[in-house]
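Given next, in structure tokens, is a single chain: the form predicted alone.
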């Protein structure tokens, strides 16, 4: 403990929060933020993390139910990951992958990723984020069809309320109206269909019947724009930022059938679901699909270093390689040796500690059992869980929906932060994606905190006369 820094009663160092907030407000424009509103209240300053917990600058300990931003799969303060980055920085902190060069971590990581990916996917293209991964896929899919002498196949079909990044192509693939309202999006050649959200759109249908209906929207759109013009369909195995939308079991097999029937490429956006989140290395393995592309980022380094990429299926990669000619796309930091070295260590830990198997066999079933207990709360209409993602819908008396203008989810989120647990609000859906290393005891702690925050939200809404 440094005696020159004030500490809380629990021993946490105390910082000059107001001074840091002032610097933040004066100079830092945050992502997906109302800058004016944030400046008025001040940012929450997170200063350290350990395991499944983070601490803010005022000394509050918070259980991170969102793994940072879906990505701190191994939890905070894994010294092995820091050491791997440090060793690589001393040996080779950077070199580019242009001009017929490579580096040892990049080559080893590509082989390692191929070893846990589906058998028909053996090649990797690196970038820095999930947004860049999906931009890369747009370029690569269209390049594939050019080489197949079908250059008119440019249209990529996505889904409303999907999230595939915030770059120009990524935001266009994303199906969020708020993003499309800014910047003249989507760019040409990207169209959208409905999402497989049974609770909202499947009234009167069983989950299985709705899954087939929702998948059928893909076929309808293919026929509408012309099969000869469609390059690919993109989807997250489970929609993350859209609110943890878990599709019916019939959905993905039917999507695969439709893609096969019309010969279009299938893109699995695994930026959230990849590297163990659903209890399998990749979400497509859980649902049994055979994608031509997998976009990855986040969990590949457990968020300790920016790294993303694309895993490419053989039918696409073989054409790209055998046809010759330069693929005019890439990034300065593609295959960054520090990021790749850290990712190798991350995957080693996932394997040697059996974390993916533990999620599938132990902690995910336990999370599901405990999370579904929240369905008895008077504010909760439905609970849904798959692997280490879960969501619930806030609704008065388990029935009608709240007026969106009430921002009930944001009220609940505020109570969560104030009471030591991070839960994300997506409209009236409250979602979690805890670190994969969370223990059953910590799941109990998290669920007790969530129930308390639901109680506080319910009480506040009562006082306001809104229930």
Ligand code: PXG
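Numbering follows the first chain given and starts at 1. Quantities reported herein were computed from a predicted structural model and do not represent experimental measurements.
This next part talks about the form predicted together with the ligand, which is not shown.
*Asks:* Just to confirm the contact call: exactly one of 80-88, 101-109, 162-170, 140-148 touches the ligand in the predicted bound form at a 4.5 Å heavy atom cutoff, so which is it?
*Replies:* Selected range: 162-170.
*Asks:* Looking at the partner-bound form in the predicted bound form, is residue 272 within 4.5 Å of the ligand by any heavy atom?
*Replies:* Yes - in the predicted bound form, heavy atoms of residue 272 and the ligand come within 4.5 Å of each other.
*Asks:* Determine whether any heavy atom of residue 134 comes within 4.5 Å of a heavy atom of the ligand in the predicted bound form, and answer yes or no.
*Replies:* Answer yes; at least one heavy atom of residue 134 falls within 4.5 Å of the ligand in the predicted bound form.
*Asks:* Tell me, yes or no, whether residue 415 is in contact with the ligand in the predicted bound form, where a contact means a heavy atom of each within 4.5 Å.
*Replies:* Residue 415 lies outside the contact set for the ligand.
*Asks:* If we define contact as a non-hydrogen atom of the residue within 4.5 angstroms of the partner, is residue 198 a contact of the ligand in the predicted bound form?
*Replies:* Judged by the heavy-atom cut-off of 4.5 Å, residue 198 is well away from the ligand in the predicted bound form.
*Asks:* Heavy atom within 4.5 Å of the ligand in the predicted bound form: which of 363, 250, 289, 129?
*Replies:* The option sitting close enough to the partner is 129.
*Asks:* Using a 4.5 Å cut on heavy atoms, which of 190, 386, 179, 241 is close to the ligand in the predicted bound form?
*Replies:* For this set of options, the contacting one is 241.
*Asks:* Mind listing which residues of 67-96 have a heavy atom within 4.5 Å of the ligand in the predicted bound form?
*Replies:* Counting only heavy atoms within 4.5 Å of the ligand in the predicted bound form, the contacting residues of 67-96 are 69, 70.
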